[in-house]
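The form predicted alone is given below as one chain in structure tokens.
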Amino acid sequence: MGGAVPRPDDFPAIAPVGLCGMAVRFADRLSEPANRAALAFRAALESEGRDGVEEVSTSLTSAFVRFDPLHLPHATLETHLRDMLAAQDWYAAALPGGRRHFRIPCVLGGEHGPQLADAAEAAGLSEAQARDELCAARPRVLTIGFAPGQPYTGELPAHWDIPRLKELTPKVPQGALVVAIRQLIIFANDTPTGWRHVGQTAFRCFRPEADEPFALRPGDEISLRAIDAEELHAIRERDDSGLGGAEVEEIG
């Protein structure tokens, strides 16, 4: 990333969350540098193994620390967090290691992506252009949320900053690919949504039977391989791993 990395005003900031939590916020809206900062800061905290820190997680632009205040006083932890923030430019930090790239087969459009044409129009694209752009993209898993293992990925180019629908779609299936506000989600379960349903995968984001139930981690990257409905059916018939035919490679 060349040149100066933009910093939002008044950030980073530290805020208490109840009696045993602290949030380190890097922005009040999504940006690549703010998400990068949150992921890198979380990894640094985890690598310390600091006594009294019980859990570290991230949202789109923040790192959350859950701690035992009987062993780690609020003031001590806040001082340590401020010292960490001052030690380097987290907005330009390297992404944490252990990241992977998942190339996921996906049917785009048609009955398996019934709102692709609508999403393309909102983005100022033809349906064919939308397919090409979605398959060319390689968005990062920004955070996991809403449902177990469910990834929010992004950011897509600025013209994909399309709004959510005004009315909910009553249900989209597990593995559905949806889009809004420059982000893609693969749904972990059947669910109602206001995001546009543009494609369908056989990928299972949440696999409770697996040693690692969440298939994706923040910092991973995904891309799409366009397939037809017949190949999707064949993948479902033969693939019991939950990966939905995805190819996986280590990237960091």
Partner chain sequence: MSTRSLTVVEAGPSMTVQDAGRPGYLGEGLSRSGAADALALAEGAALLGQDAGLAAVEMAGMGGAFRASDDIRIALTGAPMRADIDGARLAWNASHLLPAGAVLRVGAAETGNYGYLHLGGGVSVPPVLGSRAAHLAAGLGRALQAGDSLPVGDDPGGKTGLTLEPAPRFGGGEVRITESMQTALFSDDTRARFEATDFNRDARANRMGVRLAFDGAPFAARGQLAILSEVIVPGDIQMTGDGTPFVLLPECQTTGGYPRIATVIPPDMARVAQAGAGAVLRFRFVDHDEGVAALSRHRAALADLPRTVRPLLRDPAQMPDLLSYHLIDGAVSAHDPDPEGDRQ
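Basically, rigid core = biggest C-alpha set you can superpose within 1.5 Å across the two forms. A quick note: this is a predicted structure, and the numbers were derived from the prediction, not measured. Numbering follows the first chain given and starts at 1.
There is another form of this protein, the form predicted in complex with its partner chain, and it is not shown here; the text below is about that form.
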Open item on the list: Within 4.5 Å, heavy atoms only: does residue 154 come near its partner chain in the model of the complex?
Closed with: no
TODO: Spell out, yes or no, whether the shortest heavy atom distance between residue 74 and its partner chain in the model of the complex is within 4.5 Å.
DONE: yes
Open item on the list: Since only the chain is shown here, I'm wondering whether residue 27 would be in contact with its partner chain in the model of the complex (any heavy atom pair within 4.5 Å).
Closed with: yes
Task: Any non-hydrogen atom of residue 148 within 4.5 angstroms of its partner chain in the model of the complex - done: yes
Open item on the list: Considering non-hydrogen atoms and a 4.5 Å limit, which listed residue (144, 179, 123, 104) is close to its partner chain in the model of the complex?
Closed with: 144
Task: Residues of stretch 64-83 in contact with its partner chain in the model of the complex (4.5 Å, non-hydrogen atom) - done: 64, 66, 68, 69, 70, 74
Open item on the list: With both forms fitted on the core, check whether the Cα of residue 232 differs by 2 Å or more between this form and the one not shown.
Closed with: no
Open item on the list: If I superpose the two forms on their rigid core, does the C-alpha of residue 20 end up displaced by 2 Å or more between this form and the one not shown?
Closed with: yes
